[in-house]
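Single chain ahead, written as structure tokens, the form predicted on its own.
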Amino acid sequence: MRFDTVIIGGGLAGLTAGISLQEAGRKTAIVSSGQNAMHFFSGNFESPSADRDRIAALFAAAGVRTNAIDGQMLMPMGTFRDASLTLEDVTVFPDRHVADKALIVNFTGFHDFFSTFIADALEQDGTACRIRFVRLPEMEHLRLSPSEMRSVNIARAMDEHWEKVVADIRILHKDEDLILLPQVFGLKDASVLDKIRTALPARVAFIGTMPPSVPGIRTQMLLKRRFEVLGGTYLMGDEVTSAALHDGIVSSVTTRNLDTVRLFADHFILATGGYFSKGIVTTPTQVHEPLFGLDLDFPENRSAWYRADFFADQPFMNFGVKTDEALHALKDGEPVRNLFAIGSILGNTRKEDFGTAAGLAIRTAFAVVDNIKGENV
């Protein structure tokens, strides 16, 4: 099978590159092993920089609504993070004093939304908080097993039963000017968010829960659909098992599901992520990139990999694949001329150029797409 580009990894970076290439008329395939970091996505595009409008346009074409507002985003543990471009689900506040009075609503038995932590944090900044719980008969079966009382399981019911939740909240509400709800609405129907905002008598803010992330999963589904509508080939539940690399050029790869059928392409993009998705693998003595054996930026002294303080910034999270200026991956000190690396597999090796987290994923994807398009001009 021949393509213009094969992308290894179907997360945020891979999908952004795939959509952009398909929009440019490039025949593209994405090989995706399954769950990726989008299932943990907070909804905040860190460091979007000058690409903010381009990001928003790509997402809007896929049906993903974003907000370009500078301010503070309230995180699941009650901390705040700077934001300038977020998913539409996310409420961005001008500052940390989010309201004079807030009603925090959770669901009985749902332990992945930390109402008390959020209340404690907000009260330190002058917001008086009340915490109340809603119980729905339709969710009782989920409480039989702690593993079922998770955000995505709740979200599957909320698209149908959100009106009952709203009715209960209207009874609970007193004089609060802000109502905080967990992000468990609109898994498949994002319009539910607007319906809830319209139906309640105060401003509504949806706050993130522990993973999995409902807005992250919905975003991945919409981006995947957009890629396929554009004619892209998305190999779901598959993984690259080997690559033919000779004289600084990748000619083809094989996958587990396709067995002996090779995927040939002019360009390959490595978007396999970091430790979570095993794009980078660590043993007690070594850190390595398992597919191509690429060069990694990390200290040889293992004691420099981590800090004893568990809550400190851990150095190993900065390890990543080395690249040249055009984001060609390096192997044995030399660039692989048609292999690019994007997203979190870079660690913080290109932080100064492309930022971190979701901003890094999208901006490196755009940069590589522009490089590929430029080679064919």
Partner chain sequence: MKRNEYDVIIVGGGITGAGTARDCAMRGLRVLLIERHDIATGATGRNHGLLHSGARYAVTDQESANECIRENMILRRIASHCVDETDGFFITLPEDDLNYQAKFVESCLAAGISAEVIDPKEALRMEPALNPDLIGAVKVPDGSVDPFRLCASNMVDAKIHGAQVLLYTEVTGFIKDGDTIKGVRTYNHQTHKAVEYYANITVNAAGIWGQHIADLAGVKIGMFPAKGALLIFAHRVNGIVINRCRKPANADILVPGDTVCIIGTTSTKIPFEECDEVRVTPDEVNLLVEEGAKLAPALASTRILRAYAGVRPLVSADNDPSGRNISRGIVCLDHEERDGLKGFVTITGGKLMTYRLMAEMVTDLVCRKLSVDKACETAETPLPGAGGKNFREVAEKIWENPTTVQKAAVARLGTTANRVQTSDSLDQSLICECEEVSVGEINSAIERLDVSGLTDLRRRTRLGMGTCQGELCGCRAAGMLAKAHGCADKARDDLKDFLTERWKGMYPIGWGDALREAEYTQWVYKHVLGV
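Keep in mind that this is a model prediction, so the values were computed, not measured. Residue numbers count along the first chain shown, from 1.
One more form of this protein exists, namely the form predicted together with its partner chain; it is left out here, but the text below deals with it.
Item to complete: Consider residue 264 of the chain shown here, and say whether it contacts its partner chain in the predicted complex, taking contact as heavy atoms within 4.5 Å.
Response: Judged by the heavy-atom cut-off of 4.5 Å, residue 264 is well away from its partner chain in the predicted complex.
Fill in: Contact of residue 124 with its partner chain in the predicted complex (heavy atom, 4.5 Å)
Yes.
Discussion item. I'd like to check something about residue 49: if you look in the predicted complex, is any of its heavy atoms closer than or equal to 4.5 Å to a heavy atom of its partner chain?
Written reply: Looking in the predicted complex, residue contacts with its partner chain do not include residue 49, since no heavy atom lies within 4.5 Å.
Discussion item. Under a 4.5 Å heavy atom criterion, is residue 86 part of the interface with its partner chain in the predicted complex?
Written reply: Heavy-atom contact with its partner chain at 4.5 Å: absent for residue 86.
Discussion item. To test your reading of this chain, name the stretch in 240-248, 197-205, 104-112, 171-179 whose heavy atoms come within 4.5 Å of its partner chain in the predicted complex.
Written reply: Going through the listed ranges, the match is 104-112.
Practice prompt. With its partner chain left out of view, choose which of 97, 161, 188, 278 has a non-hydrogen atom within 4.5 angstroms of it in the predicted complex.
Written response: Residue within 4.5 Å of the partner: 278.
Discussion item. Suppose contact means a heavy atom within 4.5 Å; in the predicted complex, does that hold for all of 66, 219 and 292 with its partner chain?
Written reply: Negative, none of the three is within 4.5 Å.
Discussion item. Where, within 260-285, is there a heavy atom within 4.5 Å of its partner chain in the predicted complex? Residue list please.
Written reply: If the 4.5 Å heavy-atom criterion is applied to its partner chain in the predicted complex, 260-285 yields 274, 275, 276, 278, 282, 283, 284.
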